[in-house]
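In structure tokens, one chain follows: the form predicted on its own.
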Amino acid sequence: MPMKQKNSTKILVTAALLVVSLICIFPIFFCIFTSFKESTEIIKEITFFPKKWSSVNYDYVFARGAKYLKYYLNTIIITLSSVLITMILSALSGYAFARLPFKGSSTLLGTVLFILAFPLAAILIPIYMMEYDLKLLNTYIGIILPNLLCILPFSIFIMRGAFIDMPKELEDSAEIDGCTVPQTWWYIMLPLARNALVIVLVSGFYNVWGEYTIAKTLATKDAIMPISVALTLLKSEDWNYGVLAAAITLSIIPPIVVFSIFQDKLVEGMSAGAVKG
């Protein structure tokens, strides 16, 4: 390809990526700036930047700090528990599917992957009925288990892909050194799959932190309600858009922090997977 054509293609790709990035981040910044506007300014005219910066919406949220702190705490407990369990189970089952084939493993893996394509709405009512009978409604475990159902299949698929691409010589060397299968998994294979674990962590965190459908159905009491559902409680007769924007802004900080911390490992893991694929 001529150098001039190559540079033109690079410019077009960069411009396209820039446009897509702006489309994605515009709503986020609009929400942040809206949270610093007073209600009169929000209602009278639509502007991107506040004409007068005000913290009245954050004052409203923090005035009810104990209540909203509980919602955030519920979300943290549900999210961290779901992600931690998912990382453990996906690392174990992913290794088993990739390196320890057993009779019926292909069928079982196909069943696990089938769950990825199964719509949540189709099983939400049966889940509600089962949890009602088991008295799991409005409990942490009652919300964590359905979240595992949603994020675990994808995580198993990611971990299996990471383990299956590792050279068999690693396991042979470990066996010669006297390592058992659990020791080989823990000391050798799992550290090499850390980038895949980061993908599982970040994707799981994002999915559970912002999850609404399951939480709305299975958590109807304030004591267990996560922030994604609690945001809808800000509506009285009319939406208070400024307060809602302030609460949303506070709720998106943890996912941004998680992504910032693991950004390099996440990109590295995705790039490695793309090259191997």
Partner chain sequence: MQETISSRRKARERWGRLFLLPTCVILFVFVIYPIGYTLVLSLCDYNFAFDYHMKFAGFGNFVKMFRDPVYLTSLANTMFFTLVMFIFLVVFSLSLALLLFYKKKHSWFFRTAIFVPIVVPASLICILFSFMLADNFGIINKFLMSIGLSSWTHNWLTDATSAKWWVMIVSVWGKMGFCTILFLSGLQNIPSDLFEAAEIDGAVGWKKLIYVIIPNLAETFVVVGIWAILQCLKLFVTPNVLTKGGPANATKVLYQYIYDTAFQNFDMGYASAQAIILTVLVMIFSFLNMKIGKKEGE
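Everything quoted here is computed from the prediction, not taken from an experiment. Residue numbers count along the first chain shown, from 1.
Not pictured, yet referred to below: the form predicted in complex with the partner chain.
For the three marked residues, A63, V200 and V243, no heavy atom of any sits within 4.5 Å of the partner chain in the predicted bound form. Mapping the unseen interface onto this chain, N57 falls outside it, with no heavy atom inside 4.5 Å of the partner chain in the predicted bound form. In the predicted bound form, G204 stays away from the partner chain, with no heavy atom inside 4.5 Å. Mapping the unseen interface onto this chain, D172 counts among the residues with a heavy atom inside 4.5 Å of the partner chain in the predicted bound form. Although the partner is absent here, I156 sits close enough that one of its heavy atoms falls within 4.5 Å of the partner chain in the predicted bound form.
Annotation for 176-214: interface residues with the partner chain in the predicted bound form are V181, P182, W185, Y206, W209, G210, Y212, T213 [heavy atom within 4.5 Å].
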